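To begin, one chain is listed below as C-alpha cells, in the form predicted on its own.
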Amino acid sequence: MHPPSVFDPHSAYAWSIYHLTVVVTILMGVVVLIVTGLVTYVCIRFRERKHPGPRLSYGNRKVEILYTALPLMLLASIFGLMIRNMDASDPIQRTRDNIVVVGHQFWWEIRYPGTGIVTANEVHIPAGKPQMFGMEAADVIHDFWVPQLGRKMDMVPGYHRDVWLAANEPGIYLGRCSEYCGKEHAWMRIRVFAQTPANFAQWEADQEKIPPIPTTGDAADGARYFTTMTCANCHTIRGTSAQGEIGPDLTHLASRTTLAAGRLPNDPADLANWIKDPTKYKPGCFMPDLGLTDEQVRDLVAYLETLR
C-alpha cells in the first residue's frame, strides 16, 4: 500500500510533477541561501560600532539591472519548466473516458462507461495502461488527488473535466479529496487498486455479475428488509427493486475493503456498527439512523455480506 506522497511517483504523469517540484524547491532554496547570506554579511560587516553612519548612495545602474534581470531570468526558467511539465502531466490528446468519478458529500461514485459497472470509493485500473478519468461533482466542489498516479483535478458542479492517471506497476495507491467540501471532508478517502491486466479483467467480470438473492435464513430476511425499508430509496442493488441514486451502489459491497469512504474496515462487525449509527462514525454524513433493532441489523449484515 502506497501512502499519498508527491515524492513517490508511480507513473509518467506523476514523475513530471515530481521533477518540477524538486527543481523549483532547489532553486528556491538557493535563492533563500543567497538572500540570507547577503543579509547576514551586511549585518556583520556594517555593524554600528564600526560604521556609525552609512554612506548615502543615489543609485547604481549596474546593480539595478542585475537585481531586476536575475529574478526575471529565474521566473522565465520556472515558467518554461511549468509549461513543459503541464503538457507531460496532462497531455492534450483526449479519448473516451475509461472511468468517470463523481464526487459526493462525502464519498466517491466510480463508473465504468464501457461495461456499465458502478462502484464506490475504490477505483480499479489495469497497471501499465494510462486511463482517461472523467471528473464530475454532484453537489459542491471536490478535488480528486492520488499523488503517485497523476495531478490533482478540481470537480466543479455542472462541469465535466478529464485527466490522465496511470500506475506503472500493481499496487494499492491512496488518495483523498483535496478541496474542503464540508464537515466530513477529512473522511473522503480514495483507494486505487492497480492490477495486472488479467486480474483487472477478472475483477470486471465479477463486477458485471448480479449476486443471487438469498432465499433462506437471516440473509433472506435482510434482503426483504433492504427492499421494503428506506435503504432501497437511497441505494441500488442490481437485480432487485432497490434503485436509489442518493447513496453508493451496493451491488458488490462485500468485495470492497472499506466502508464510508475509508472511515471503517469492511467487516461484519463494523458494517453492523455503521448501519446502527452512521453519524457516530461520520458526523455530518447524510445516511440516517433508521432506529433498527439488533435483529434487523444482524439480518441486513447477513444479506450485505452475500453481495460479492
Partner chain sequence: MSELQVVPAEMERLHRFEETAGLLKWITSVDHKQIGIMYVLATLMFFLFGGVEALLMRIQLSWPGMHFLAPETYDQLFTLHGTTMIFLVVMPLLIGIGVYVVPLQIGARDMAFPRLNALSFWLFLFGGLLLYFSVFYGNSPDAGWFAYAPLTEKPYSMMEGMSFWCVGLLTAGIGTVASGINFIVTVATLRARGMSLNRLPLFTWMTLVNSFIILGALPALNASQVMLLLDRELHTRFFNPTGGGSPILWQHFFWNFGHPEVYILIIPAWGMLSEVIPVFSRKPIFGYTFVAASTVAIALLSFWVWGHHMFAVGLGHWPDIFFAATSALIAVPTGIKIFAWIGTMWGGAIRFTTSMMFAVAFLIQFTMGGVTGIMFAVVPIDWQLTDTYFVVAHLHYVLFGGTLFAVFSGLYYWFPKMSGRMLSERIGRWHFWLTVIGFNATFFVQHIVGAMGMTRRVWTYPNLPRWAVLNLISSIGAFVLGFSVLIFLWNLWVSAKRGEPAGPNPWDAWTLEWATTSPPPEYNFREIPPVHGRRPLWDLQHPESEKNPKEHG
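Numbering follows the first chain given and starts at 1. Because the structure is predicted, anything quoted here is derived from the model rather than measured.
Below, we turn to the form predicted together with its partner chain, even though it does not appear here.
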(request) Sort through 156, 132, 220, 234 and report the residue having a heavy atom within 4.5 Å of its partner chain in the predicted bound form. (result) 156
(request) Sort through 105, 121, 195, 207 and report the residue having a heavy atom within 4.5 Å of its partner chain in the predicted bound form. (result) 105
(message) Counting any heavy atom within 4.5 Å as contact, can you tell me which stretch out of 96-104, 225-233, 211-219, 148-156 lines its partner chain in the predicted bound form?
(response) 148-156
(message) Check residue 181 for me: does it contact its partner chain in the predicted bound form (non-hydrogen atoms, 4.5 angstroms)?
(response) yes
(message) How about residue 239 - does it come within 4.5 Å of its partner chain in the predicted bound form, if we only consider non-hydrogen atoms?
(response) no
(request) Indicate whether residue 5 is a 4.5 Å heavy atom neighbour of its partner chain in the predicted bound form. (result) yes
(message) Under a 4.5 Å heavy atom criterion, is residue 293 part of the interface with its partner chain in the predicted bound form?
(response) no
(message) For its partner chain, considered in the predicted bound form: do all three of 190, 276 and 308 come within 4.5 Å of it, counting heavy atoms only?
(response) no
(request) Would you give me the residues of 191-216 that have any heavy atom within 4.5 Å of its partner chain in the predicted bound form, in order from first to last? (result) none
